[in-house]
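Next up is one chain by itself, shown in structure tokens, the form predicted on its own.
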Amino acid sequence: MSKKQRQRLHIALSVVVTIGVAFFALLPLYWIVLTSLKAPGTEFRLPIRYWPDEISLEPYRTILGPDFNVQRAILNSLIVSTVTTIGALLLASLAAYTIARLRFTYKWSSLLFIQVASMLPPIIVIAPTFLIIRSMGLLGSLPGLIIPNMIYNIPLSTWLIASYFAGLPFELEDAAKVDGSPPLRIFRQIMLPLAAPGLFSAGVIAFLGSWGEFMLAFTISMGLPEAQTIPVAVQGYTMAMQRQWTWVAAAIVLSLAPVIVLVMVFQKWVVQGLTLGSAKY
């Protein structure tokens, strides 16, 4: 087989694998959207219809109405994810700058330790997290969700931002030190703007992780509507709606809409931030 034939075979196999992965990933999403557009009670009809004869928006009107008020859960998720992202980036950028740019003993060991800590299964830390949040009096509140989510997102954010910081030339800091700039000003005015793609990538990952987090949110919210994020609210709808899957599907579509828009709009910058700093560690 010639080199040109091998290249064509490689491209053909890549296309087939890509189509297969896309089909596997998008089929559940398509079925959820399809179910959400059916009239309540028609989702069980046979034979299976791969597109409804008549599109109905009744499921969306129901869950957006006063009986379920899914807007509140979406707003709670937006608050928790946004504040978590800002706090995690602030703390992670300071830790990443220290590890990547300053010279001290055990700097690489500290980065490795941070990453190992993030590999613990969430189920292991749920109980101690619950006890800590309860001792702080934050059960059933949004701050009780924000603080643990922020801490959970710091390790991965630190790793990503440190990888980006490590790729920046040290001459920038040396020149700023000659001009008399203190370390905090160098960090704030020089290093952070240059590391913006890495910060953005870490921020998007932290936002998505907080938005879809369920176990912690289910435990800390204590079933209170004022503290429920959208994953917990959707899980509650499956019982409250008495298995009206068109309503549940509509709630899932609304919960996914902000995430899909975020990824579609900013995917270019996310990929750039991940790849530019990926070669250092």
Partner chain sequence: MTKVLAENIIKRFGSVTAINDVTIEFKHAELTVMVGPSGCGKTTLLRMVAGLEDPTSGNIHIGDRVVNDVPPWHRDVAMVFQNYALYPHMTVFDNIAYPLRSRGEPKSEIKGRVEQTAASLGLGHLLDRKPRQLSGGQMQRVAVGRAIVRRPGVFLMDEPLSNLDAKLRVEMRAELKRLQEDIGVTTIYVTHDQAEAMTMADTLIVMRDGVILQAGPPQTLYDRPDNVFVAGFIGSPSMNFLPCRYEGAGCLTGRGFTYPVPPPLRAPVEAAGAQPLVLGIRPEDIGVNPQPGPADTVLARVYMLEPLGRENLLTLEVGDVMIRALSGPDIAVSLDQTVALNFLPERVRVFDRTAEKALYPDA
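Remember, it's a predicted structure, so these values are computed and weren't measured experimentally. Numbering follows the first chain given and starts at 1.
Not on display, but discussed next: the form predicted together with its partner chain.
Q: I'd like to know if Gly137 sits close to its partner chain in the predicted bound form, meaning any non-hydrogen atom pair within 4.5 angstroms.
A: It does not: once its partner chain is placed as it appears in the predicted bound form, Gly137 has no heavy atom within 4.5 Å of it.
Q: Going by a heavy atom distance of 4.5 Å, is Ser181 a contact of its partner chain in the predicted bound form?
A: Ser181: contacts its partner chain in the predicted bound form.
Q: Does any heavy atom of Ala175 come within 4.5 Å of a heavy atom of its partner chain in the predicted bound form?
A: Within the cut-off, so yes.
Q: Going by a heavy atom distance of 4.5 Å, is Val83 a contact of its partner chain in the predicted bound form?
A: Result no; Val83 lies far from its partner chain in the predicted bound form.
Q: If you look in the predicted bound form, which residues in 189-207 sit within 4.5 Å of its partner chain (heavy atoms)?
A: If the 4.5 Å heavy-atom criterion is applied to its partner chain in the predicted bound form, 189-207 yields Gln189, Ile190, Pro193, Leu194.
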